[in-house]
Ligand code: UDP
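In structure tokens, one chain follows: the form predicted on its own.
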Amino acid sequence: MSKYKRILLKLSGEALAKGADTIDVQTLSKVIGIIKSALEQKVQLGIVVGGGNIFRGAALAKAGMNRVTGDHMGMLATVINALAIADACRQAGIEALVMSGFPIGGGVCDPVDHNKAKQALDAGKVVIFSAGTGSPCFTTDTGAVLRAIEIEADIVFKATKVDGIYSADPSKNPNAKRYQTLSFDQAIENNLQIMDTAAFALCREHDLDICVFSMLDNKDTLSAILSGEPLGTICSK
């Protein structure tokens, strides 16, 4: 059984895509497998998902689009991804609740309510948070940490394409060093952009650890970490 009772898993939107597919069925199936394995270890699971596979507001802002408009579009993209994950969960027999950082009518999803979210987690449901913080100019990394604090998660897990935090981009620098552990101060001082500075600062303030791991491995890395294997990189105070 895992030493963690409740975790927040941050998934990038890009992680759901493959080739020309905005949401790849096989990748979505892998995400469901990760979710199942966590639940089997009696871990309560909240998820924050990005929207970069559909729309990136910051990128179009650089091309001249109004930043606030672009961010609102990006937040809506995260809702699409959250609904896809929730539907895949239900098809796999997993109860899921989607919450949005801003109100969406028509029964699409519930507004974020930390008390309702904690009640759902205690009942064994997966809670999927979308629309980031609900406000423009904040990344989904910051949204993930905010939701983790609200639901009183023990740790934030960030799924990436690499197996931890490196001193430099390992795809560009073969001599890049992988950290097994790292402090928030080190991450900020060395500008290690695995998460944005605001997310690191929030974690430091609330003494909330982050574990960065790869979801591209053939094995279920999250399950292995929950079981005690020293994989990924732990960033802490």
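For every residue, the number given is its place in the sequence shown, counted from 1. Everything numeric in this text was worked out from a predicted model, so none of it was measured.
The protein also exists as the form predicted in complex with the ligand; that form is not presented, and the subsequent description refers to it.
Although the partner is absent here, residue 156 sits far enough away that none of its heavy atoms falls within 4.5 Å of the ligand in the predicted bound form. Proximity of residue 138 to the ligand in the predicted bound form: non-hydrogen atoms within 4.5 Å are present. Mapping the unseen interface onto this chain, residue 133 counts among the residues with a heavy atom inside 4.5 Å of the ligand in the predicted bound form. In the predicted bound form, the ligand stays beyond 4.5 Å of every heavy atom belonging to residue 46.
Here the chain stands alone, but in the predicted bound form its contact with the ligand, taken as any heavy atom within 4.5 Å, falls in 7-15 among 223-231, 7-15, 20-28, 209-217.
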